[in-house]
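Single chain ahead, written as structure tokens, the form predicted alone.
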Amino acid sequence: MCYAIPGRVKEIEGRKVTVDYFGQERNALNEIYGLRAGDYIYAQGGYVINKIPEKEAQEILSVWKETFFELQEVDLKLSKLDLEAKKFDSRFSRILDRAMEGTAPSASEALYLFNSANREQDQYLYKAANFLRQKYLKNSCCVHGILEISNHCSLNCRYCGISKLNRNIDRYRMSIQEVVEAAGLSIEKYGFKALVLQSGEDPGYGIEDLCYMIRTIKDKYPALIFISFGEVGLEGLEKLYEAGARGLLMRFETSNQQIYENLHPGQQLSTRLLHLKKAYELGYLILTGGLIGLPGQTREDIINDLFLTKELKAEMYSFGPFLPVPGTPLGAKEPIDKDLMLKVLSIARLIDPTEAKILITTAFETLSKDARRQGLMAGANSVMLNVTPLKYRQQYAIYPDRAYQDELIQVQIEDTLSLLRSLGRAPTDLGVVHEKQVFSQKK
């Protein structure tokens, strides 16, 4: 099963190409040689991944064509919004009415929506967010794989299960060969077109090791590679980009500097934000966000987190609930209610309706078994499946009893596709190229 639909190159202007998908046009950035108008390609996240033979593309498209439009009809039906059915308080209605007309809420308006204690209004908020998702982004849902290559970490973050403070877990570090083989299996056998490589801040991998790892994967397999190794330094970011990494998953966790420093002894929020800004300047796709339910966190902080994510020009919003880990300094704290997470996802969609991919995190799915379905119906449009080899997956214990920690990749794929079909979603990321990406390639 492919997590991208083949598209036909309509025209090429420098590195920027226009790609046709059943009459829908998208732009993508080309980094492969010899591409011509009329060629068929796979694109992911706004990048051309590889060229495929016309016969193969036509066979796939013939299967997809009818299904693609059927799914669109289901999605359109499920995302309809009856704007006159309910009578809510006037300010709530006014904020949502303006959002439907293209005016995103201000911080104070977003906080007002967040503070609603009316369950019926909350349900309408979720529907409004889903309406906007369908209006601007149609029924595509990106399905990425995440490969957790090491659970070693040199940091002592007070909430994290793989912190160096936690002496109750078995540590592992995959060899470069193991990483390349696991990535190849995910890309070639299981069809992933985008893959996140994740670890703690592991001193056992040098920058050159990580660069070699990424370069080898890119030389062997067509995929969009994201990195999530923590703070690797600004020079490290540049080297990893040159090696072929095109996305950075790095959450800032909280925009409240005092909370950040309390949770991350010896670290500075400004350093993390500098990494994210530098990565964007280099041309990385930015995947960032925060934790919801941290000690001392206010609702104003959460709204600030959402607006900071937009300010950082995030391609993907990654917000998950804080989940307490036994044995850590915050192990006794209670997790949040799932409805708070649904509000966060919905308000994120209202704040950034036209382009943002909003992720259903594994942490949210650990908190609530129905998180994926509910989140996708509340404005979200992205999921990540765990492709870490089973012999290592349980040891990546950032929080206990993670969703999918024992499930085979094929089972995860089948369950995900079944859910997406029921909601009218196509498991593909048509993507959009940003001017910053084009500029970064010309420097």
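Because the structure is a prediction, the values reported are computed rather than measured. Heads up: residue numbers just count along the shown sequence, starting at 1.
Beyond what is shown, the protein has a form predicted in complex with ligand SAH; the following relates to that form.
Of the listed positions (D301, E201, E238, D122), a single one reaches within 4.5 angstroms of ligand SAH by any non-hydrogen atom in the model of the complex, namely E201. Site annotation in the model of the complex: the residue of E109, D352, E315, E253 reaching within 4.5 Å of ligand SAH with a heavy atom is E253.
Between 226 to 234, 175 to 183, 342 to 350, 129 to 137, the stretch whose residues reach within 4.5 angstroms of ligand SAH in the model of the complex through a non-hydrogen atom is 226 to 234.
Within 4.5 Å of any heavy atom of ligand SAH in the model of the complex lies no heavy atom of G247. Of the heavy atoms in I398, some are within 4.5 Å of ligand SAH in the model of the complex. In the model of the complex, ligand SAH stays beyond 4.5 Å of every heavy atom belonging to R171. Ligand SAH in the model of the complex comes within 4.5 Å of a heavy atom belonging to L291. Heavy atoms closer than or equal to 4.5 Å to ligand SAH in the model of the complex belong, across 320 to 344, to the residues P321, F322, L323, V325, ordered by sequence position.
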